[in-house]
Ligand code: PEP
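So this first bit is one chain, no partners, the form predicted alone, shown in structure tokens.
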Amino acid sequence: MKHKIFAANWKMYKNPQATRDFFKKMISFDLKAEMIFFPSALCVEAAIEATKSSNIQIGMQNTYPQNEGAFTGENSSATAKSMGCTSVLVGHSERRSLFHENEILADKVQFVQSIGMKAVFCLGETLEQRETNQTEKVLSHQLETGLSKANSENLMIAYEPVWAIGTGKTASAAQAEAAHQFISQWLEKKNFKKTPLLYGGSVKPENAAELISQPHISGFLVGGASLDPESFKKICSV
């Protein structure tokens, strides 16, 4: 049976009290699924405190690739680990497009792995790139550059077609599976073994079952639909 992973990227939503309220409800569902939540940095402590008695994992949305130092405004994954975080998102499309992160991603993945945390490496193509048949070329380049210093011990991949993030558009199950299959084949050639592949891009209760049924999709990285506990419960129950 497929081991399913359900991750939630809250972006810059919720304050600490809303975070506590969410997890009080989420824990009451008593779901056995593997769940990883990525709240904003200011809500991480509240999330960790609220989930101490549960199987829910908490991660960071971003990190700087050093333990500490004069890096104003950045987040330390080493500090996050000491607080109880298990994972870090690296390379989300918003970090790439809004904050122009690309070359630094390999260092981020390497650092996160070096301290025993799991790097959740995000990648995906724009609508223009898909419509000009560049999807595999773009994914290959992102994998080559982002994983150039990585190992397969503490790694997950999240495929998020940029054109389907927060747009209401969703890749069809066939489109998502094709991209996941390509990523899986690339990883096998590079000796990255048993790397879970998550799909992200307007995942919601209505399409979750069809998507998770695809052979190369191990789970989801959910955005908007993870902000409501009832909605996320339905997704985690597929």
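What you are looking at is a predicted structure, and each value in this text was computed from that prediction instead of being measured. One-based numbering along the sequence shown.
Although not depicted, the form predicted in complex with phosphoenolpyruvate is the subject of the following passage.
Engineer: Considering only heavy atoms, tell me if K11 and phosphoenolpyruvate come within 4.5 Å of each other in the predicted bound form.
Structural biologist: K11: contacts phosphoenolpyruvate in the predicted bound form.
Engineer: Is G116 a contact residue for phosphoenolpyruvate in the predicted bound form, using a 4.5 Å heavy atom cut-off?
Structural biologist: Output for G116 is no: heavy atoms all beyond 4.5 Å of phosphoenolpyruvate.
Engineer: Counting only non-hydrogen atoms and a 4.5 angstroms cut-off, does A47 reach phosphoenolpyruvate in the predicted bound form?
Structural biologist: Looking in the predicted bound form, residue contacts with phosphoenolpyruvate do not include A47, since no heavy atom lies within 4.5 Å.
Engineer: When the contact criterion is heavy atoms within 4.5 Å, does P16 count as touching phosphoenolpyruvate in the predicted bound form?
Structural biologist: Flag for P16 set to no.
Engineer: In the predicted bound form, which of 201 to 209, 34 to 42, 51 to 59, 187 to 195 comes within 4.5 Å of phosphoenolpyruvate (heavy atoms)?
Structural biologist: Contact criterion met by 201 to 209 only.
Engineer: Though phosphoenolpyruvate is not shown, can you say which of A80, L143, M156, I165 has a heavy atom within 4.5 Å of it in the predicted bound form?
Structural biologist: Selected residue: I165.
Engineer: If you look in the predicted bound form, which residues in 141 to 161 sit within 4.5 Å of phosphoenolpyruvate (heavy atoms)?
Structural biologist: If the 4.5 Å heavy-atom criterion is applied to phosphoenolpyruvate in the predicted bound form, 141 to 161 yields only E160.
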